[in-house]
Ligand SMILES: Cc1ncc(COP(=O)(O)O)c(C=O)c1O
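Shown here is one chain on its own, the form predicted on its own, set out as structure tokens.
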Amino acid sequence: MQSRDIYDLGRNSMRPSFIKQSTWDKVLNFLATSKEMTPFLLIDSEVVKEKVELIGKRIEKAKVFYAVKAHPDIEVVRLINNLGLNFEIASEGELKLMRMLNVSAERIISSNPVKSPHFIQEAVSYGVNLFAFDSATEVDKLSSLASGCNVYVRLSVPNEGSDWPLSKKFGVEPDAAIELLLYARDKGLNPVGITFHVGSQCKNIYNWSTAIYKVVALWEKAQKEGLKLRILNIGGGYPIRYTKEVIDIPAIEEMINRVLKKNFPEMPEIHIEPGRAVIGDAGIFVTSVIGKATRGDENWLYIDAGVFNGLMESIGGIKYTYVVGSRAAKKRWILAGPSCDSFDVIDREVLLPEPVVGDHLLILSAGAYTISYASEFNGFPIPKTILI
């Protein structure tokens, strides 16, 4: 790393205001002393701890389950386990992590409404006893492979205002949901609740209240049918700051709690499944500039991480904040990854001072859904995760 790069990154003016000074200092110290080859992902453990201590605290009877898919690195999961969170899993691979860390089965749920038969068998064998469903086929699978288990139906709710909508692939409307709950009871399962998801990186606070009102109507129908529901799983969706400020978690949870208390004479057990909100803004992706080019009136900047080995969410619309250690004039760049595939374009219209080949380019708020999406396409490695 060039001394100019270190100097420029270290200036106070280079630190975005939403990045804690302590985090920035840790990153700079790591870059100054480490010989680690880029790309790699730095995770500030203190930021993770702060988020764990924040989430779920303003909702009565809340239990928090970390969505392992957001970042399944073993050391990250170990940290979160040591901080006392529970876990939401969907696959044999995520269950293997639970085994490796000796996580007790009562701290694990599976909210994927469509699970492989082998995973169901493995999870039941481990002792997991709470599963989501949203189809008769899933009820039949669970009845056959996990007879008597606790289940909750996935309700379809609005996802407007979410950067990563999840309302098309999963979920059913209330009339279908009540039929499925009754079918599950008839098939020897134990219906205990309802779940929904407002969409990942949800910036519309009213999605939660709209979803809860939809749940209330279904809950009342279930009671009339003799079903004793006790769990409401509100999924994930809490947003983090990428390029713009977002509504904060306390405000979201205070609103959720008000709506719940207003509509439930007896508060159900509330399950929350944050992933991005736990790990996202704790991560800083460290990459290096490997090339530049001018093509017509476009300036292209190439780095050693791309959509295939860490930045897949950029394709779905997630916009990151980037920092380079340069005092040169700012230009607009098309930011691209290292692979031979022309699909490997991370962002367009990125305004940055012009770096030189070899300079570091930092990608902020990159802790979630980066490494978990990464592949070794074209032979480029999956970046290493390092806790700092």
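All residue numbers refer to positions in the sequence shown, first residue = 1. Remember, predicted model here, so these are calculated numbers, not experimental data.
Below, we turn to the form predicted in complex with the ligand, even though it does not appear here.
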The ligand in the model of the complex reached by all of Lys115, Glu138 and Ile194, non-hydrogen atom within 4.5 Å = no
If we test each of Ala67, Val324, Ile346, Leu42 for a heavy atom within 4.5 Å of the ligand in the model of the complex, the one that passes is Ala67
Taking 4.5 angstroms as the cut-off for heavy atoms, does Asn159 touch the ligand in the model of the complex?
-> no
Examine Pro274 and determine whether its closest non-hydrogen atom to the ligand in the model of the complex is within 4.5 angstroms.
-> yes
Just to confirm, Glu88 within 4.5 Å of the ligand in the model of the complex by heavy atoms?
-> yes
Determine whether any heavy atom of Gly310 comes within 4.5 Å of a heavy atom of the ligand in the model of the complex, and answer yes or no.
-> no
Exactly one stretch in 259 to 267, 179 to 187, 295 to 303, 200 to 208 has heavy atoms within 4.5 Å of the ligand in the model of the complex; which is it?
-> 200 to 208
For the stretch 358 to 388, which residues lie within 4.5 Å of the ligand in the model of the complex by non-hydrogen atom distance?
-> Tyr369
